[in-house]
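Okay, here we've got a single chain as structure tokens, the form predicted on its own, with questions on binding and movement later.
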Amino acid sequence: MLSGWLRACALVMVGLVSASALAVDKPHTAIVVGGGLAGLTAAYELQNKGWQVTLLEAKPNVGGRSGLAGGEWIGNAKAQPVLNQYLDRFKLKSIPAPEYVRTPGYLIEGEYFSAADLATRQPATAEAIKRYEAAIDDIARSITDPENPAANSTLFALDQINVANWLDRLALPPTARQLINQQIRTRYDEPSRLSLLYLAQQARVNRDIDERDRRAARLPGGSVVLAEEFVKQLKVIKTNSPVSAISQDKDGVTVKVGALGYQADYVVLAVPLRALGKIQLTPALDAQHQGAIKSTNYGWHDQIMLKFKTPVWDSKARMSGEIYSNTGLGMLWIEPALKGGANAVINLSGDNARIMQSFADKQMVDQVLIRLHAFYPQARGAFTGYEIRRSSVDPSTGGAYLAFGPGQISKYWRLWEKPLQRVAFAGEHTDSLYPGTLEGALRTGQRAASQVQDLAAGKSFEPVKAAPAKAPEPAKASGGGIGGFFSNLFGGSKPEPKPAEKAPEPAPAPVPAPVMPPPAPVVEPAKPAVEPAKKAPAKKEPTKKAPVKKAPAKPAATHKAPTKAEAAKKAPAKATSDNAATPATDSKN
């Protein structure tokens, strides 16, 4: 009897030990929503830590906003350290960039200028560009911590000013202003839609990175090949799986895809803000997060790769790399094709991309080819085809990538960095140093994977507390007319009245307080603000400059901002005869 009782106790103990061992050995589970580079990185890092990971992607393929596959110039380990770490890990070989690719060039009225050419042949333009660079560098140096850019009231005030207003005060010659606008559009968005503090913060982040470091090598196939390497490593990827709802409780999360429900311990949400707004979350996001989803500005960009049998521009100049144009070709990348011939990657961005959203792909290509043919008559005969990537009409992004508008850093800076219960967030828009870039996407995938592991280990994260929003003081948006649709988009419209192009006077010393009243925050319209076919050319009025008061205590606020209803009826803010672009470098895809 005693032996039987002891045997029964032993069996019970063995069962308890076995159950405990199984509980310890059971891997954690995670669902990653979004198959862009951020989601792929998060899934890869969690799987490497022994997690069971399911990646859900709404579209038929993964890769997200990766650029066109024809080629992509990338930075070195100083400019893009995380990207280069993964290239080394997956043994992806890049090709060193020739020296003439590593500094930007300019296409002015169809004539190519290197930076050295510009200094000798158009010194007023070259000096004005240097004056702009010095002015933004002065502001950037005042940001001691780029991860906390609005650290004081002076910097906070810069967030209320849009870049176009600030550029107006520099009184740049027309050609220099057009080229600078093009550079800002290429990397971010239309200057009139961009926070001055955001431009300065990004200048601060990249202050010690030379232009040559940003275009150090070419990655054949572009960032698509990196996405493919991640895919090879992952065990469970489900495409055509748009997520409609996510509910979480103390025990786990349930993710709904149509009639199917996936359960896991944690979720990484790696989707753009517009796509996030279409997912029903339980419990719901607070008002601050919902406001960020609705109003955070995204830069608008379209990218067209024109393919040619021969490099038709050789008769004019040996062009390559990043080229900014003032005559309707936006920002160009000229590069040898991977299989012979040559490619011209034409980038349209900012308000011009917004206007072009009503055009079909072929119409866009025809208009750009017509303009290129005007400068290079051999272009049409050598043209063999095209590829196109239109982020501006993608309903899941509402543009291409984050570009904070006026007042938005003050409201939403680093809002998405902290998990909410069992949900962590990833994506270029959640990175504090490299938003809008491939580097930022990779960094946030790593961060979200680390946060999910911390949550599983019992670490708690302080919930983000919404700071009360400060109503900006009324201000008048900067003036500026818009020419006829094609003249504005492809050159020919007269720029705003500016001083005659001559050697500029030295820039005034920066003042510690903002030099103009802050405009109201720009809210992205849900639909295009202008029907191009119906838009009549706006009348140009001479710019009136108010005298600047040096008193730093509080700037004058004597102008009235347009209402949202009025803004919706207007053409996109301030487009001069220069045109738009989207980057094929810095991996802003």
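These figures come from a predicted structure and were not determined experimentally. Residue numbers here begin at 1 and follow the sequence given.
Not pictured, yet referred to below: the form predicted together with a small molecule.
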* To do: Look at the candidate spot formed by L87, D189 and S432 and say whether the small molecule comes within 4.5 Å of a heavy atom in all three of them in the model of the complex.
  => no
* Structure fact -> Exactly one listed stretch (273-281, 368-376, 131-139, 176-184) reaches within 4.5 angstroms of the small molecule in the model of the complex by non-hydrogen atoms, and it is 273-281
* Structure fact -> The one residue among F425, Y401, Y198, Y266 placing a heavy atom within 4.5 Å of the small molecule in the model of the complex is Y401
* **4.5 Å heavy atom contact, S410 to the small molecule in the model of the complex** => no
* Asked: Heavy atoms within 4.5 Å of the small molecule in the model of the complex: does A42 have any?
  -> no
* Asked: Does A30 reach the small molecule in the model of the complex if we count a contact as any heavy atom within 4.5 Å?
  -> no
* With heavy atoms only and a cut-off of 4.5 Å, decide whether D351 touches the small molecule in the model of the complex. => no
